[in-house]
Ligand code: HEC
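Here you get one chain, nothing else, as structure tokens; it is the form predicted alone.
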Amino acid sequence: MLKLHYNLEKVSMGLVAAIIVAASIGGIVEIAPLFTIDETVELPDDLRPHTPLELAGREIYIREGCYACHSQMVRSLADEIDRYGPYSLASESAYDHPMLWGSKRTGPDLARLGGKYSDAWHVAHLIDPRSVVPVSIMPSYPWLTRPLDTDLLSDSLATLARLGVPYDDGMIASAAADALAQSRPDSAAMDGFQERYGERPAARAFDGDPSRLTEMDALVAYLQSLGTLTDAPFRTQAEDSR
């Protein structure tokens, strides 16, 4: 085998052909399963899409580069499950475009973050991480207190709807109003929000001030939604433990 490889290295075109064959085999192995993904990944019945406010927070999460230091995928390793909770399922990310699984953990994994800390903790952590985690190396984001721009929310929902996310025409048309309603549960618009998204999404002034809608509201709403869009991972864990 070593002699064959040595001889192949002396024939440049043969080496190029061998590289192409090896790369093709690797590509087929990686790509082929994608053609059957609709058959192998079954959507949970209780999977819900992000609300407009959560979706706006997700865009801020991407904009600020949070994905570079935090993953959103719990691997099926005992120590990870003990620390973060049930391992991640592919179906959880069915509505994510792009997915934010990540590959680097300068900070902890966030896949099961929703409900772990209070809104006030998240606000303090984002404005001054050292105020709640003294050894944190995370940068501060004090500008998140500025008003949230909701002008493109309807377009964002419309784009995701074309990719298969179940946003209907009513959700798309009411995106900006629903983002505001989620942060003001006592407002008259809350009935319309719950009619479109149900009672599962958390609704409150996430930044602590119901008189304004800020980027902080959106990002905290998104962080509090992580791991709460479906109970499928927890059901799977219960079945595995039997």
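Note that residue numbering follows the sequence shown and begins at 1. Keep in mind it's a predicted model, so treat the numbers as computed, not measured.
Separately, the form predicted together with the named molecule exists; it is not shown, and the next lines address it.
Q: At 4.5 Å between heavy atoms, is G65 in contact with the named molecule in the model of the complex?
A: Judged by the heavy-atom cut-off of 4.5 Å, G65 is in contact with the named molecule in the model of the complex.
Q: Check G107 for me: does it contact the named molecule in the model of the complex (non-hydrogen atoms, 4.5 angstroms)?
A: It does: once the named molecule is placed as it appears in the model of the complex, G107 has a heavy atom within 4.5 Å of it.
Q: Would C69 count as touching the named molecule in the model of the complex under a 4.5 Å heavy atom rule?
A: Close contact exists here: in the model of the complex, C69 approaches the named molecule to within 4.5 Å, heavy atoms only.
Q: Does any part of L223 reach within 4.5 Å of the named molecule in the model of the complex? Heavy atoms only, please.
A: Answer yes; at least one heavy atom of L223 falls within 4.5 Å of the named molecule in the model of the complex.
Q: Only one of I137, A90, L163, M99 comes within 4.5 Å of the named molecule in the model of the complex by heavy atoms, so just point that one out.
A: Partner contact (heavy atom, 4.5 Å) among the options: I137.
Q: Can you pick out, from M171, L148, L126, L153, the residue that has a heavy atom within 4.5 Å of the named molecule in the model of the complex?
A: Filtering the options by heavy-atom distance leaves L126.
Q: Are all three of Y167, F193 and T228 close to the named molecule in the model of the complex, meaning a heavy atom of each within 4.5 Å?
A: Not one of the three qualifies.
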